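Just the one chain here, laid out as structure tokens, in the form predicted on its own.
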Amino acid sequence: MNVLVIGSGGREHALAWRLNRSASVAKVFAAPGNPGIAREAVCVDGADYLSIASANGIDLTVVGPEAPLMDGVVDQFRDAGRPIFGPCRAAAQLEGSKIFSKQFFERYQIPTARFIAAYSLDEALKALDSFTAPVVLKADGLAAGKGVVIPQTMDEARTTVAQFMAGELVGDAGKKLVIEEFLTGEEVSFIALSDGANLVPLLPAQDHKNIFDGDRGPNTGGMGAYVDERILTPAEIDLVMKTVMRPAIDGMAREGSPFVGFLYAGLMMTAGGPKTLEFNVRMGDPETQPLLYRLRSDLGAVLHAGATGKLAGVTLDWSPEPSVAIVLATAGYPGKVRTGDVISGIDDAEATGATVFQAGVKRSGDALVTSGGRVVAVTASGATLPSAIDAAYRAAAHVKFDGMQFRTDIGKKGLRRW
């Protein structure tokens, strides 16, 4: 079959890369893609995805980023009778509105932090009186992974609330807020596939959100991730499926918007069990890169089964080796970034056995140059987590561009489990 991947980032590069290695897939297309994706797929310009699918005989469309989902691309494809893997616009509210998702958690007893929704500056400042520092402030709308701030003092919290409400931090996305208690524990990314009724879990992953080593500095879209079964025990996975994932799928079905697609739960593993920080309605970035690096199953066949309601009985086959993705970011990220710097060393990095998934990359003549905050995710695996970390950093050392920044501790949290 012919498969269309919507998107242009590192997640979409990983999807195209794995789909291109699936026996069920004849040809991969991407809209719009990037230079790395162009090595795996036919890249097509334009945002009329339905017309692109029709013109190229697409049998399955896979949506990478959240914005097209919130715009209703799935509804459009379903109305036209074309298979697509992703949630409808109504179900995509689980990511598109933090207030919607937190109220959804309440309705279906999905464990989460105590919260108050605030729709104005006065409401937000009053709500702060119910919390102690540190406190978590979340923009209601889509904010490209930058909509969460954790002030360490209440004075800082009041200042940050005012900045959110004034549109200074993430624009209109921050003019409504979720204010919630700060949870302690270890964060885990847990993703499952759903066809609206059935659930197929992926392996647990761990993202690294802060820009600096030791989880310091402002939040980013993710500076690296690793995949290792030891992140969660089998009992913990069963508990997450029972208390978080299954109630979410059943709840969306009960509300008339069955959830089809990737359901991503950002979890905090607290002393009292897993609590849900947020839902995303697509695969994580950079979790997708190490996850698909390990996947052995035919991704095209699995996603087609998901898009057509046939996930019952499907299981996934994984490489036994842990995998690690190191994000290399531009100068200034996650603030105002510098672009246009020449990138070198990608081929040398891949000669070590790693794969370099491209994100903020474009062509300028014969050169590759930076075009966004997170530039590439250098991904590798190893027989053990320590060897996988070493392989990823050895490969990443070959990639160069001016102003490059990266964390040196990706995967370190997992070493105590070995």
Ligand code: AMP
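Definition used throughout: the rigid core is the maximal C-alpha set that superposes within 1.5 Å between two forms. The structure displayed is predicted, hence computed values, not measured ones. All residue numbers refer to positions in the sequence shown, first residue = 1.
Although not depicted, the form predicted in complex with the named molecule is the subject of the following passage.
A.B. asks: Looking at Asp298, Glu187, Glu321, Asp341, which is the one with a non-hydrogen atom within 4.5 Å of the named molecule in the predicted complex?
C.D. replies: Contact with the named molecule in the predicted complex is made by Glu187 alone.
A.B. asks: Could you spot which one of Thr243, Asn198, Asn219, Thr160 gets a heavy atom to within 4.5 Å of the named molecule in the predicted complex?
C.D. replies: Checked against the cut-off, the match is Asn219.
A.B. asks: Heavy atoms within 4.5 Å of the named molecule in the predicted complex: which of the stretches 308 to 316, 332 to 340, 275 to 283, 255 to 263 has them?
C.D. replies: Among the listed stretches, the partner-contacting one is 275 to 283.
A.B. asks: Please tell me whether the candidate spot formed by Glu123, Ala173 and Lys176 is one where all three residues come within 4.5 Å of the named molecule in the predicted complex (heavy atoms).
C.D. replies: No: no residue has a heavy atom within 4.5 Å of the partner.
A.B. asks: Would you check, heavy atoms only and a 4.5 Å threshold, whether Asp75 touches the named molecule in the predicted complex?
C.D. replies: No - in the predicted complex, heavy atoms of Asp75 and the named molecule never come within 4.5 Å of each other.
A.B. asks: Looking at the partner-bound form in the predicted complex, is Arg294 within 4.5 Å of the named molecule by any heavy atom?
C.D. replies: No, Arg294 stays farther than 4.5 Å from the named molecule in the predicted complex.
A.B. asks: Answer yes if any heavy atom of Ala127 is within 4.5 Å of a heavy atom of the named molecule in the predicted complex; otherwise answer no.
C.D. replies: Because no heavy atom of Ala127 falls inside 4.5 Å of the named molecule in the predicted complex, the answer is no.
A.B. asks: Could you tell me if Leu239 has a non-hydrogen atom within 4.5 Å of the named molecule in the predicted complex?
C.D. replies: Leu239: no, not in contact with the named molecule in the predicted complex.
A.B. asks: Using the arrangement in the predicted complex, list in sequence order the residues of 125 to 150 with any heavy atom within 4.5 angstroms of the named molecule.
C.D. replies: The stretch 125 to 150, when checked against the named molecule in the predicted complex, contributes Val136, Lys138, Val148, Ile150 at the 4.5 Å heavy-atom cut-off.
A.B. asks: When the rigid core is used for the superposition, does Thr308 move between the shown form and the other one (threshold: C-alpha shift of 2 Å or more)?
C.D. replies: Shift of 2 Å or more: no.
A.B. asks: Does Gln152 count as moved between the shown form and the other one, where moved means a C-alpha shift of 2 angstroms or more after fitting the rigid core?
C.D. replies: Result for Gln152: yes, a 2 Å-plus shift.
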